[in-house]
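The chain that follows stands alone, in the form predicted on its own, written as structure tokens.
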Amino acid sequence: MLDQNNFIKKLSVVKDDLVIEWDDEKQSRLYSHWLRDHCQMPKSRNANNGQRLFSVISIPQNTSIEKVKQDERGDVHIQFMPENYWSIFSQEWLLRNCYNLNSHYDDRSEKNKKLWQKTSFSNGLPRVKFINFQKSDNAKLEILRSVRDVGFCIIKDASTKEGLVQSVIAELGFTRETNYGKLFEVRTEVNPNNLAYTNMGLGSHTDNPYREPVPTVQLLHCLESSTKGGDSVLLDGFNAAKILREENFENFENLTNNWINFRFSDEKTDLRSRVPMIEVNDNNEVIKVRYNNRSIDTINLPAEKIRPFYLAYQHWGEVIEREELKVTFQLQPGEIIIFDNTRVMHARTAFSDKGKRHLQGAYTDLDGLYSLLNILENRNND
């Protein structure tokens, strides 16, 4: 983390770079076109939303830095030629945004998460009271930070009113409607179109990998649980991917480089996607995991890739079923779990056909939740 109290010790221009020597001995070298493109002046940026008012193609190819100076506040003034255009940058902005000193902003990758396993929650799973969620932005912030950092949170002491899960989503983001509807019921059915609607146990999986884009957040609200069994199971898919990479890098790369097909079909729906089981960004950091053996379509890879793929696939399946990686608990009536469907795999144990188990579920997306998280954190920082 950079010290935001750092100050500029020296400014110079070398060819088409602005060179900044900071007082902690770090150095920034900023390309003239980059600086012109990131101009913060009213002529270049909309004051209300910060969006650019010009296109990159309007920056002359022969753009250079003619002069650079600091004023009494420390702000840096730069004259660009041939436009004869002056930009002003604060020291703080230059330090915070310098590409020499800062990595890409990526709030989705494994690098910025707290990876966990079964023993990680010695003080209990993250829980927030429903009444606090209703009344306090700080409680919302606690939930959103938990989803961001560990991938899930449980809202406790809510009612068992049907449809409540949608009002929770309305406070955090927007409902993602699918072929299952805005709200779906998780309970045993006759001739179900999905194994989730039986009393069978379900292995670790992510939802809807056959949909692109996938619903990135799932909520499940327990309305009734009077049957034996039916425990909820969660697993950190990013941690599982890290373990796979450490144990066999070739298997890890096999699952990031080979895309496969997922499919779901019934009388009214036929959904298909082609995606990797483990998705990485440009820094080879995990940003999404997918696993749902019930929904994998025919695996069509070149013949020479089939054997190594199955070695990787089976290794991945074995890792995500390791008991030491799972947290298991009973979701109680009036509890709502919210989790990141691109990271956290979920499962359940089988349950008795005596008694009742009824959950209502709905989907939303991370962009809405992260937007609210950013707004609330910005308010706290003001």
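A residue's number is simply how far along the shown sequence it sits, counting from 1. Keep in mind it's a predicted model, so treat the numbers as computed, not measured.
What comes next is about the form predicted in complex with N-oxalylglycine, which is not displayed.
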| query | finding |
| --- | --- |
| Candidate stretches 217-225, 80-88, 108-116, 243-251 - the one whose heavy atoms come within 4.5 Å of N-oxalylglycine in the predicted complex | 217-225 |
| Sole residue of K326, H38, H346, H315 within 4.5 Å of N-oxalylglycine in the predicted complex, by heavy atom | H346 |
| Single option in H205, K156, R148, K140 placed near N-oxalylglycine in the predicted complex, where near means a heavy atom within 4.5 Å | H205 |
| Distance check, L359 to N-oxalylglycine in the predicted complex, heavy atom within 4.5 Å | yes |
| Partner contact for L101 in the predicted complex: N-oxalylglycine, 4.5 angstroms, heavy atom | no |
| Close approach of V280 to N-oxalylglycine in the predicted complex, 4.5 Å, heavy atom | no |
| Touches N-oxalylglycine in the predicted complex: V76 (any heavy atom, 4.5 Å) | no |
